[in-house]
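Presented as structure tokens, the chain that follows is alone, the form predicted on its own.
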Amino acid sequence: MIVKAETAPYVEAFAQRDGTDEPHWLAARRAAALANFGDKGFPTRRQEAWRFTDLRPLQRAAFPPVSGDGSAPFALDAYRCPGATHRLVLVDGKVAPALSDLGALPEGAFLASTAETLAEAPDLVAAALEESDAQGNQPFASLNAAFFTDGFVLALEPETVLERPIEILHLTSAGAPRSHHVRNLVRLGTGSRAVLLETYAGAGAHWTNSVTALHLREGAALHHARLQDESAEALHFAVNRAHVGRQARYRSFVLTLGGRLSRQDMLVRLDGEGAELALDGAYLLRGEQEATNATFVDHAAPGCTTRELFKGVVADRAHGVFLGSISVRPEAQKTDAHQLNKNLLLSRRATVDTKPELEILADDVKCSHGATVGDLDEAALFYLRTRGIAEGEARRMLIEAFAADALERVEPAALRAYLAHHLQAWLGRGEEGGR
């Protein structure tokens, strides 16, 4: 392997890791994934998918892969979902049993750490590793496959229904720069239903690198919300690969508030006739934050529906990026797909790059896409001020209304309220950038 300078710290760390207790099949997959990462190296702006993403914060310093022991003390109140949940907490990339509370799971439901699953049900961990880890064009997903030590696995047998949400908290403690690689799997059997909330939060300079595989069988339904609210020095990359079967419904929402540099890649394949997808999100950025949301939806079966809405609020010198692609195969007749990205710029120095795309190879479809970039409505601002509302408060109200519009489709109401609370907290942490 020809080792590139930027990948050398990770290749060296892999050579020093102790994998003697792992099964041979996992060791082989890790080695193949590491080789793919070493061959590909870091993405560059010459690659279309990474043209707008500035990786210099990741290139300036090495983030050695380190997994904690799950014992760091944390106060969970700020990020606890209200109400009863099945809660699994990871600290520094490792499950923390003392902070977790799985409660009584119904028959047919399996929820455990990835490390525990490797010992109890290794076939589930194998399902979380895909061929693209060793051959694809996602080098950070390959790096994740090489180094992951933990994560979570949720598996539901057919017709299993979870009444309580699954709550996964990924927390990072302060310390020297390091990276945590978590590998997750969600597998819903025929007719099963679940609500999943993931929260990423923490202090200090660190790199969270997460990969999640999601498989929804016929008639399954998953509501999946993710909050990224890590520190202003943090880096966050996430790849989520979803396969949605016949008549299955997958609703995803990601709220990006934290991180110096973050990127969410959502790759969804609608495999079965009548599958439904809602792929939504919001990103609120200030300072010198940069966030990318990249989505790719593959309509591979007839009669499927996609609704996609991302809204951005960008202040100061921050940079927001939306890359959205919907592909309709020749056999995917009767596709109904709509994609929209709206952005609000609060500073002359704030920037947004948006690139929605459609590739349609079928002829009996209803597809549309669009994007807007603008500033606050001066008429609405004037109206509020004539009602005696101070300018700062009026601007905050308009920003909140703009961003909260993306939350309207989040279900159930408890998840919507949780995300709205953190959106409001972001607004309260500082004034928007000046003009």
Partner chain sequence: MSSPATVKNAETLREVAGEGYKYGFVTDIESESAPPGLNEDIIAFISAKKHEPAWLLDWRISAFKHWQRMEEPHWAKLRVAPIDYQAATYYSAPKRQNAPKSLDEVDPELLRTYEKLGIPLNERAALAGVAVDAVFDSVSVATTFKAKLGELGIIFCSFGEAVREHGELVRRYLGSVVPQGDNFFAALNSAVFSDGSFVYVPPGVRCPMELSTYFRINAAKTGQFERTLIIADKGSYVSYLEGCTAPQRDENQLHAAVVELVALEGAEIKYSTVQNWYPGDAEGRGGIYNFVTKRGACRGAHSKISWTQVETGSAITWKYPSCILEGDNSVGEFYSVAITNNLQQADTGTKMIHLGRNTRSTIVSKGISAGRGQNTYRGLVRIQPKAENARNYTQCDSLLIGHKCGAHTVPYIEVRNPSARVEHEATTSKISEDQMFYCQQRGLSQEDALSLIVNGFCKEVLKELPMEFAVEAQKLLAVSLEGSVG
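Bear in mind the structure is a predicted one, so any value in this text is a computation, not a measurement. Numbering follows the first chain given and starts at 1.
The next section is about a form of this same protein that is not shown, the form predicted in complex with its partner chain.
Only one listed stretch (113-121, 184-192, 237-245, 356-364) carries heavy atoms within 4.5 Å of its partner chain in the model of the complex, and that stretch is 356-364.
The shortest heavy atom separation between residue 166 and its partner chain in the model of the complex exceeds 4.5 Å. Its partner chain in the model of the complex comes within 4.5 Å of no heavy atom belonging to residue 63. For the chain shown alone, residue 375 is a contact residue for its partner chain in the model of the complex, at least one non-hydrogen atom being within 4.5 angstroms. Its partner chain in the model of the complex is not approached by residue 59, whose heavy atoms all lie more than 4.5 angstroms from it. 345 is the sole member of 345, 125, 257, 268 with a non-hydrogen atom within 4.5 Å of its partner chain in the model of the complex. Of the candidates 350, 332, 154, 196, 350 is the one whose heavy atoms come within 4.5 Å of its partner chain in the model of the complex; the others do not. In the model of the complex, its partner chain lies within 4.5 angstroms of at least one heavy atom of each of the following residues of 35-61: 48, 51, 52, in sequence order.
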